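In what follows, one protein chain appears twice in different forms, each by itself as structure tokens: structure 1 and structure 2.
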Structure 1
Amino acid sequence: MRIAGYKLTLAKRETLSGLQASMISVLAVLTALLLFSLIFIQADVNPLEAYKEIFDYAFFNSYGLPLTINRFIFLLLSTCAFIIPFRAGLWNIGMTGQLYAGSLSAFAVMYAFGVKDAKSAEYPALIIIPLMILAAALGAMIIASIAGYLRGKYNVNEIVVTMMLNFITFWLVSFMIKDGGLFMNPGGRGESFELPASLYAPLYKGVPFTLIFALGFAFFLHWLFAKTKLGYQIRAYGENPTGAEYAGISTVRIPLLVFIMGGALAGLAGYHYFAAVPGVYKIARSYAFLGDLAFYGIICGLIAQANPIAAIPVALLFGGLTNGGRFVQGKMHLGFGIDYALLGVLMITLVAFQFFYRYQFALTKAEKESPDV
């Protein structure tokens, strides 16, 4: 295309710096907010006022910020649970089932210690809480390992297996917390018993200690993929499984290992939400919502280009918008689902802008055409 003596061409990028990737992401976010402004305008709401309310509540309000941080922790753990198998070329669609399994395993520890309600009995927190965390990770690892083993040993599609496991664990949770299940609330409600106060996850200024898990594992995974032999083997398998096998990398071990690692983080996400978020402290009857929320980990992982460090701001943004969007929906009397609509526009725009991670427009001076003789 020629523009005023210049030629506009589309060229494939040779390299992409971290600053360039960040600028593209920022531009994508601004574009999404601009597009969503049309919905606010249609609802007779000033977009600038609406966005101010969203971000003020999500990131600066004394009530909204803790909610954002808790949602951020959950999303970052779910995102890392997706990224680990994805770096091996595999799709973990089973974070939902894995976090359900982790949650049930954590509650099984309490049940084994005789915890069946939220009465004021004192329990040995220094023993039970670490066991709950360990059980949550192990329970999710066992479920996730099924998909990893079947993929590595028999080349069974991991997407199909993880989706099936999601349904199985969903109904297993229902069986355990309803209609006389072992973890049913003593009051007869279709939800689990509540944690006693002595087993609440430790908080520091309203923030659960699971924030250390989320950030720590994100940085650990970055180091793992960039600096270790195992990280190289995972990346090699993801780029070319046949070539990796020829180089001596086990095509059974790697799928099993990445799903076990991803499952452990999904299990920790389940522990965080049901045992560390103030005001929850139980498997609520609306637990399916949490399973749906785990799928945002897939979107965050893809937007972050499977980079655990880049996933941190992405998960924080999504965590803030889910809370801020819900708040402004009520305050400004907007239609139900405005928060999901905002996230949907943001996701579509961020994914579309990934095109510019690989291609760029170049503007060069056009050569003058020689006249025909």
Structure 2
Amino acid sequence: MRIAGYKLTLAKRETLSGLQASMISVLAVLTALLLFSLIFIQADVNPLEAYKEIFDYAFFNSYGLPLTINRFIFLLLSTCAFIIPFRAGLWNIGMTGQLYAGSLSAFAVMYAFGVKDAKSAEYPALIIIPLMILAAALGAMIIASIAGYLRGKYNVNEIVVTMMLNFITFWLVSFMIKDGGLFMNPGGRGESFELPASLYAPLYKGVPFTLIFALGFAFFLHWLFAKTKLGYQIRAYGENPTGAEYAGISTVRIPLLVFIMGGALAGLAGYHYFAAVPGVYKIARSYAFLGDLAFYGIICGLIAQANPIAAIPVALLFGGLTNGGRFVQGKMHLGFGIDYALLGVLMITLVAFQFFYRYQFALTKAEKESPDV
């Protein structure tokens, strides 16, 4: 293509610097938001106004901001749960199932302490809360390890396995909280029993302490991938599993390990949303929504290009976007599912932008040619 004496060509990239890579991500997000304006226009809403409302509510509103932060914690944990296996070239799309398993385990701890029947009693939070967190991580790890083991040992496609586990745990949650299940609310509304006030997660200025986990793990993972032998092995396996085997890296251990680590983080995300977010403190009837939200972990992971530090701003942005999206949906009378539609548009735009990891447009001064006749 020629533009005013310059020639626009497509050239294969030799290298991709960090700056270029982040430029691609930023461009992809901007393009997706631009495309998404079409949905606002179709619904007779001015896109600029809609985005302004979204950002105002998400980041500058005293009601909206805490919700954004809670979603940010949830998304960052989900994103890290996706990133760890992704570094090893594996797809963990089972964050949903893992977070369900994690929250069920956390509720099982409370059930064991008899919380269901004596809600108003005082409980030793210093013992039970750490136990709940451990249980959440452990329950999710067990579910995730199935996918990792089958992949490592028998090369079974992890996408199918994690998806099956998502549906199994989805119905298990229903089993536990509905129709007289063990965790059903004694009031019988098809939701779980509520946390007693003494077991609410500690807050600092309205923010649950789980924020420390989310940020801490993001930095920990960065260190793990950059500085440790294990991180190196994971990356080597991700780039070339066969080559890694020749280099003495266990092709059974790495897939199992990345899924166990990823699962544990997704379990913490489950603990966070069902047991630490103010105003929730139970597994609600509409728990499927949080499972769906976890799919944003895939998108954040891809945008952050599997970099846990980059995942922090990305998760914050999408925590805000999904939260603000829900808000304008109600305020501007848009159809249900604006945040779902955004999920869809973002994902496909990202896929298209993958192309630019390998190719780039080059603008060169066109050589003098005889003008076309």
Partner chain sequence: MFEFFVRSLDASTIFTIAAIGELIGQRSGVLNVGVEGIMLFGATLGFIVAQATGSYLLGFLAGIAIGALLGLLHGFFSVTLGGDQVVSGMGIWIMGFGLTTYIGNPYTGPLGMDRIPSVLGLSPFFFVGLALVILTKFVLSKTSLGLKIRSVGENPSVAEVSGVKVAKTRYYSSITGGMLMGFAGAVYALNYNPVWNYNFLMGWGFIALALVFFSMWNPYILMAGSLLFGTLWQLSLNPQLVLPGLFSRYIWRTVPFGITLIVLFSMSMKWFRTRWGAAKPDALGQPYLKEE
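Note that the structure is a prediction, hence the values are computed from the model and not measured. We call the rigid core the largest set of C-alpha positions that still match within 1.5 Å between the two forms. Residue 1 is the first residue of structure 1, and the numbers go on in sequence order from there.
Where the criterion is the form predicted on its own, structure 1 meets it and its counterpart does not. Aligning the rigid core leaves the CA of L35 displaced by 4.9 Å between structures 1 and 2. In the rigid-core superposition between structures 1 and 2, residue position F327 carries a C-alpha shift of 2.3 Å.
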